[in-house]
Each structure stands twice: as C-alpha cells, then as structure tokens.
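One chain comes next, on its own, written as structure tokens: the form predicted alone.
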C-alpha cells in the first residue's frame, strides 16, 4: 500500500492499480480500464479541490464567496446580478444567497443596492476589491493548473480537454440535474 500524499500518519490510500485489483477481486465483472479512468478522475478532482481550497484560504475568502465572484465576473461588465439570479446560478435558496451576500458586503467584495430603474429590485455588484480578489485567485489557479499539466504537450492537453468535454456532455445529457450540489442527495 502506498501512503497518501500529506503528513506522516495520514490515512493510507491504495495505489491506483492496487485499488483496481481489489475491485476485480471482489467484482470480477468490473472493467479495469473504466475503473482506472473514473477512479483517477475522482482522485484528481478531490486533490484539485483541496488545492483550490487552500488557495482561497490563503487569500482570505471562502469557496462560497469565490462562487459568487465567479458568477458576477462571468456575466461581464458591469458585473451585476439580482440576488435571485445569483441564487439560481449557484443552486442556492434565496435565504442562503442573502446570508452569503451579507457576508460579502461586510467584507467589501460586493455592494447591494436598489436598482435605480426599478426600486423594488435589488442589484448585487462586484466591487473593485472583489474583482481584485477574483484576479488574485485566478492567478494562483492558473499557476497550479500549469504545474498540473506541465508533463503534457499542447497536443495532449488539447486531446485531454476534448475527451473530458465529451465525458462531461454525456453526463450532462443523461443526468441533466447532476449539476446540483451533493446536499441535494440527502
């Protein structure tokens, strides 16, 4: 058994090939190629999420705040959305979105003001500080991602991107509601 990456005494994780062999021992019908791909993807996803989470902590923001920053940047200038639109994009309830916005307003990452064109409507807008926080996060993520893919040639990167996109499209078409959060399964 190979030690998992991390500190001494960390829980042990089987080497990928050892895990596949164990699956085959217990479930002989398993396709070892399929299991190797999906197990590697799962492990990679978990480790990438940990790395991104550490970067966010270093920058003083939470993953939930990062999601809001991304959603506002993606819509483009002037980086504004209503709280209901934000909640839908992030798969949150309006109440959860309100609490998230409250924290972010207090931290200076967003503003929340009445829409001048429709005084009933509230608008959440990215501040300069929020945009700078988004840029800092993107810089760290880009460096991590470059390091992650450093052993792949540009052709291999393009091929991997195409293959993963095909897999993603299959999951999205067969399980259109799978974009939700794991809490949705409780």
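Predicted, not measured: the structure shown is a model, and the values here were computed from it. Residue numbers count along the first chain shown, from 1.
Separately, the form predicted together with the DNA exists; it is not shown, and the next lines address it.
Using a 4.5 angstroms threshold between heavy atoms, residue 122 counts as touching the DNA in the predicted bound form. Taking the partner from elsewhere, residue 95 is found to have a heavy atom lying within 4.5 Å of the DNA in the predicted bound form.
Taking the partner from elsewhere, residue 108 is found to have every heavy atom lying beyond 4.5 Å of the DNA in the predicted bound form. In the predicted bound form, the DNA sits beyond 4.5 Å of every heavy atom of residue 49.
Contacts of stretch 96-120 with the DNA in the predicted bound form, defined by any heavy atom lying within 4.5 Å, are made by 96, 98, 99, 100, 103, 112, 118, 119, 120, listed in sequence order.
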